[in-house]
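Presented below, as structure tokens, is a lone chain in the form predicted alone.
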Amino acid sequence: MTEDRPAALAVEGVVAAVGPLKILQDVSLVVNAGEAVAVLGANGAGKTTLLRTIAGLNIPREGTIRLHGEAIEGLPAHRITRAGIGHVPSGRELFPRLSVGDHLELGGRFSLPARRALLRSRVLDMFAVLRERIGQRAGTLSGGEQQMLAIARALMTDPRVLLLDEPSMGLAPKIVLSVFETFPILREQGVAILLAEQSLSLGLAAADRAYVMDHGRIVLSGTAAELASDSRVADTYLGR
């Protein structure tokens, strides 16, 4: 981030709760355009709440969230999506009876026809198996194919920042690798990636920088290489 070029995403002092339970406590982080940043932490650390709060599915009690310098905290989720935040939830949240093509149409519904066609071509080139499954119902896809479809649907919203919540969960290593191999392509297109991961090795392998969360707070941050060699990450905060 520079003085004349704000970060793609800047979270500053965010406090958020789920019901009466305060989950996020003074969380701050930055993701620059074309950068991949991981948020690491054990189950229950607050990673999902953080991504849901950025995406507008949870309203912060305090703090600011800026997308390329523009405040978005408190906006409805659909407006945050249209502003340029794509969100891939941990549960994928697909519609089992709708086809692959239907999901892509849903994701691209706010784009002009020419742009929608370009986005569709890009995601089908990125996930070639989805082109073969274009008329197939999402509920009949394999777990890996469903994860690809969830990412493809988010990319159809034409995001400037892509939020990925535990994309490796429940997938075979070969499928995880095929999903993560799309990150350099997205970054070349200028998309910023914020990845929430419980897996230390996967998160650090995919990211330039990382933040470690523990009980709703950012407790460590640094480059992927720095955190990979910091025993506090594995021993204390991830319990490994």
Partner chain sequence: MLLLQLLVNGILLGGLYVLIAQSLNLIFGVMGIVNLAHGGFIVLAGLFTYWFATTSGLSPLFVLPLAFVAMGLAGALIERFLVEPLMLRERRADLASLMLTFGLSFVLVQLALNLWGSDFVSVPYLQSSYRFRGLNFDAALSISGVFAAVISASLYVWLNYTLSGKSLLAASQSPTGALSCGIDVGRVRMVAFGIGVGLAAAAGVLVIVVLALAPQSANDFTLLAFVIIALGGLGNYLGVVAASLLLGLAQSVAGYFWGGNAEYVLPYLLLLLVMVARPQRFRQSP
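Keep in mind that what you see is a predicted model, and the values were worked out from it rather than measured. Numbering follows the first chain given and starts at 1.
Here the subject shifts to the form predicted together with the partner chain, a form of this protein not shown in this document.
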Inset, instruction - Verify the contact flag for R120: yes if a non-hydrogen atom of it lies within 4.5 Å of a non-hydrogen atom of the partner chain in the model of the complex, no if not. - result: no
Inset, instruction - State yes or no: in the model of the complex, is some non-hydrogen atom of R82 no more than 4.5 angstroms from a non-hydrogen atom of the partner chain? - result: yes
Legend entry - Exercise: P96 in contact with the partner chain in the model of the complex, heavy atom 4.5 Å: yes
Legend entry - Exercise: R115 in contact with the partner chain in the model of the complex, heavy atom 4.5 Å: no
Legend entry - Partner-facing stretch of 165-173, 123-131, 74-82, 140-148, counted where any non-hydrogen atom is within 4.5 angstroms of the partner chain in the model of the complex: 74-82
Legend entry - All of P89, G107 and T157 with a heavy atom within 4.5 Å of the partner chain in the model of the complex: yes
